[in-house]
Ligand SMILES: Nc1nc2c(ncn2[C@@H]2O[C@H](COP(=O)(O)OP(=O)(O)OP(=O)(O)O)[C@@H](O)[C@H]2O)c(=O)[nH]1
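So this first bit is one chain, no partners, the form predicted alone, shown in C-alpha cells.
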Amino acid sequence: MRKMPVYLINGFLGSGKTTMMLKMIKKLQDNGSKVAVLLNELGQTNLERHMFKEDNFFELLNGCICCSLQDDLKKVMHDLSGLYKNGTVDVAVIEGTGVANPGEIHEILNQHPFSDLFSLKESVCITDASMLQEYLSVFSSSKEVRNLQKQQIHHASYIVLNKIDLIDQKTDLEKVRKLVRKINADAALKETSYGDCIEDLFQTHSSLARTPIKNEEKYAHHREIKAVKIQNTANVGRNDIHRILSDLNEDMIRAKGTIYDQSEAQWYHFQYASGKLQWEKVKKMSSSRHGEIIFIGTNLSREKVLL
C-alpha cells in the first residue's frame, strides 16, 4: 500500500518557518505535486492565512498539535488520507507552532493506523542562527525555552541554520554549528538565509534521530510561553508597537499583526522576531477587517500589553 509523503516543519518562534514552507510548497507544485497544507498556530488567529492559496488548507489554532490539539491533528490526518486515496492531493506539508515538540508528532505518525498511511520524508528544524546561542544559554533564557529548542533540534532529520546573514563573526557561526552538533550529530545540516535551501532539502535523504536526550524530561512543553491576541487595532499606530516591544523586550519573543496608523492614514503589517521589527505597507485591506495583533513571549498577559 502506497503511503502519503509528509514533510514536517518545526522551529522556534521567529526562525523563518513560514517563509521556508512557502518555498517548499512552490517547489513541490512546480514539480507537479498537489499539496495539502496544515498550519498550526499558538494563537486564536492565523495572521498569515492570506499567504496560502492552496485549496486543501487546514488550520489548527489556539494550541499545539504536539499536545493540546493531538485529537484535532488525528482527525485532519484521517481527512488527508482520504484526499490522498482519491487522488486529490499527493503530499502534505505540516508546520507546527514555534513551541511545538516534533517528537510527539513523530509518535502520532508512528502509531496505527497512521504508520500504515503516511511516510515522514523529512522532519525539518529551522533555527534562527543569530539567536541560537542566546536561546540555549542558561544566562539569557528560561529552562523551558532551552528545552524546547533542544528538543526541536534533536528530533530533526534536516536542520536549517537560518538567518546566517545576521551573524557578524565567522567564529560565532562555528559556535552555533558546534551547539547544534552537540544536540544532533546525525541530521543533515544546511546554512542559509531566508530559507533558501529547498533544492538541497528535496535531494537529501535523512534519518530521524530517535534516542532520548539524556537527563531531560521526555518532551518539553510551553507552560511559560503565552500568546496574547489584541483585536480591533484601528487606533494603534507604529509608535505604539515600538513602545510595547521596547517595554516588554525581555519577555517578548515574537509578535506580528496588522494595524492602521492614523497619522499616516496607512495600514501596515508588521513582523517582530530575532529582536528586529519589520514593517510592510498593506496595499489593499478588506473592509471587514479591523486589524489584529499576536504577541508571544514568556509569562505574557493582557495586562502587561497596554495599548
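Every value quoted in this text rests on a predicted model; they were computed, and no experiment measured them. Counting begins at 1, following the sequence as shown.
The same protein also has a form predicted in complex with the named molecule, omitted here; what follows describes it.
- L166 is the sole member of L109, L83, L166, I230 with a non-hydrogen atom within 4.5 Å of the named molecule in the model of the complex.
- With a 4.5 Å cutoff on heavy atoms, Q278 counts as touching the named molecule in the model of the complex.
- Not displayed here, the named molecule is kept clear of P102 by more than 4.5 Å at the level of heavy atoms in the model of the complex.
- Using a 4.5 Å cutoff between non-hydrogen atoms, T19 counts as a contact of the named molecule in the model of the complex.
- Looking at E95, you'd find a heavy atom of it within 4.5 angstroms of the named molecule in the model of the complex.
- Annotated contact segment (heavy atom within 4.5 Å of the named molecule in the model of the complex): 155 to 163, selected among 136 to 144, 115 to 123, 75 to 83, 155 to 163.
- Of all the residues from 260 to 278, those having a non-hydrogen atom no more than 4.5 Å from the named molecule in the model of the complex are Q271, A273, Q278.
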